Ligand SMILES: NC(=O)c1ccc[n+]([C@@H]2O[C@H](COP(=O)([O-])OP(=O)(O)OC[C@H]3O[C@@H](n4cnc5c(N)ncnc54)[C@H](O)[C@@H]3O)[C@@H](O)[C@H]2O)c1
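To begin, one chain is listed below as structure tokens, in the form predicted on its own.
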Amino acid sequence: MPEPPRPLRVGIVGCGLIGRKRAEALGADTLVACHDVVAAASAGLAADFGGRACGTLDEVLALRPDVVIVATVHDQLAGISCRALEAGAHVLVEKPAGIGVAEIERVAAAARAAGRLVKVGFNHRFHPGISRAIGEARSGRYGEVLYLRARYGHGGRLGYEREWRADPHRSGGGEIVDQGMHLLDLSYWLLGELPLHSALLRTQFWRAPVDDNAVIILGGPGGVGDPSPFAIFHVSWTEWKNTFSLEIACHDAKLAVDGLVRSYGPQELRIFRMRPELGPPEVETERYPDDDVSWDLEWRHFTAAIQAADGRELLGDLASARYAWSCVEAAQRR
């Protein structure tokens, strides 16, 4: 029998909420080092999960981790990813992987030069209801996809307009980047590179130089008789009750996912299968436990790709991040 793969040695840069979620998902892999600009955050992560709390990125890279997880503010993601790749590590970088198409391309070039993998943290692909819905739609058993429609939002918190996400130089944009990136990634997974048809960016509540609401329409110019698919999204920082809703309309069925976990409510998938005579559909409902397994499943997917070294597809990679940023930049120009 082949020997099981050895545990990977992992470094984490950025030890806030997301860095901690990544540490919790490591399983048998080993946290060897972590770093945060707030020393107490890296010290706390090391105390809880092991490894060395490092004062600098150089100290992390000197320990030669197999993988570096980059979970910093957006304007630091690309530079740290490139440094980690140059040091010989594979990289899991949180979405949006940088600010703008140019930074994504810089990371991609560094990955090619280093011969290492880069996974972008699009963990929504690994929520079980979303994963099954996309898989069912991609299978073709319900005919061609007609459109994708989604709503995603939260309500922020006191002082949100003073946080880094509201600073365009650090975040790259507001809600269109924050939660819009996840929906753009899901559209890319299902429908490929649809062009940006139109976009509406608004700042309606939070006094900040970024959008707090965005409506995005993807698809060609269309017209009567055009059957090509389209996607429409609304993302919002004024969704006072946290909301996630994803609908995929196919020729012979509609698939609807509501909820994520916790404050968004438990996840539920409903499949509405049309009858030959139309009328009321047959309905299948699948409900999922209120546990967020997406972080664990995404990490296992990435480590399997590293261990296999066989060129297998990464679910959520730099190509998807580049596409999403191309849409965001086009929307911001308009």
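Keep in mind that what you see is a predicted model, and the values were worked out from it rather than measured. Note that residue numbering begins at 1 and tracks the sequence as displayed.
Heads up, the form predicted in complex with this ligand isn't pictured, but that's what we're talking about next.
This ligand in the predicted bound form comes within 4.5 Å of a heavy atom belonging to residue 73. Shown alone here, residue 180 lies farther than 4.5 Å from this ligand in the predicted bound form, counting heavy atoms only. Proximity of residue 173 to this ligand in the predicted bound form: non-hydrogen atoms within 4.5 Å are absent; the residue sits far from the partner.
Residue contact with this ligand in the predicted bound form: residue 15 places a heavy atom within 4.5 Å of it. For the residues 167, 94, 247, 239, the 4.5 Å heavy atom test against this ligand in the predicted bound form is passed only by 94. Residues placing heavy atoms within 4.5 Å of this ligand in the predicted bound form fall in a single listed stretch, namely 30-38, out of 58-66, 271-279, 300-308, 30-38.
No residues of 133-147 lie near this ligand in the predicted bound form, the criterion being any heavy atom within 4.5 Å.
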